[in-house]
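Next up: a single chain in structure tokens, the form predicted on its own.
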């Protein structure tokens, strides 16, 4: 038997989470797989389960102070149909699973599963996103790259729920999302890239680049981005191979059932070079 709770409010949900140590259950598309032990059997959860997606408090999408707030209970399909969601994130979400699963799965679940191959998470890194973490006592915000600490590991505390994803206004003029996998959707990524840049005339005002499935977490280097920002296109073109090599040194993929480390590294570097060339050209 699975001990389960269906709270009537977010306040009640936070109390149950803190008192019972209950597992947050939104779409369940990752949890059902993670704790399944044989086909057709009820998953064996290590703790009570708390159902969340019926809570209206975490199903809202709204803008405030120039930033977009996505409720943690919002399905991937709802994100794709919303006019204010950045196109880079929509492109990533379109590659996740099949339409039936996108009607159920949530972006918050994609984040908390903390897979380095998560397509939605890769886009959120490139969008400079933050997560809001709530407990019965308080709430706090962390950059997504601070929240995810390793494969399957996050900074979520035992009395907290991830309640919102916050995305600054996307002012990029050039963007790229590319998933490399067996299929465009309904397949785990061999690797992915999400990148965005804002150009002003001949100058690169801003750039953000994230690479998925090539390191223990989605790979993003704020330090290298700062070195690129402010360069003219000509200067970027002159130093392009330097930046490519700097990223290449950080790309440390593994061999697994989906791909080899050699393939992942070569394709990731090629896609990175393609993006930098497009904004330098």
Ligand SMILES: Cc1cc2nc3c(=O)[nH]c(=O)nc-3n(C[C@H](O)[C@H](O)[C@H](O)COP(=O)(O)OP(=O)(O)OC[C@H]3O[C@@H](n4cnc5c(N)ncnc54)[C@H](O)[C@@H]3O)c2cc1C
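Residue numbers count along the first chain shown, from 1. Because the structure is predicted, anything quoted here is derived from the model rather than measured.
One more form of this protein exists, namely the form predicted in complex with the named molecule; it is left out here, but the text below deals with it.
Partner contacts here mean any heavy atom within 4.5 Å of the named molecule in the predicted bound form, and among 83-91, 106-114, 136-144, 200-208 they occur only in 106-114.
Using a 4.5 Å cut-off to the named molecule in the predicted bound form, not one of 176, 216 and 268 places a heavy atom inside that distance.
With the partner omitted from this view, the residue of 148, 131, 195, 96 that lies near the named molecule in the predicted bound form is 96 [heavy atom within 4.5 Å]. With the partner omitted here, the residue from 61, 231, 31, 251 that has a non-hydrogen atom within 4.5 angstroms of the named molecule in the predicted bound form is 31. Among residues of the shown chain, residue 272 is not one whose heavy atoms approach the named molecule to within 4.5 Å in the predicted bound form. Using a 4.5 Å cutoff between non-hydrogen atoms, residue 126 does not count as a contact of the named molecule in the predicted bound form. In the predicted bound form, the named molecule lies farther than 4.5 Å from every heavy atom of residue 48. Using a 4.5 angstroms limit between non-hydrogen atoms, residue 77 is distant from the named molecule in the predicted bound form.
Residues 156, 161, 162 of 141-169 are found to place at least one heavy atom within 4.5 Å of the named molecule in the predicted bound form.
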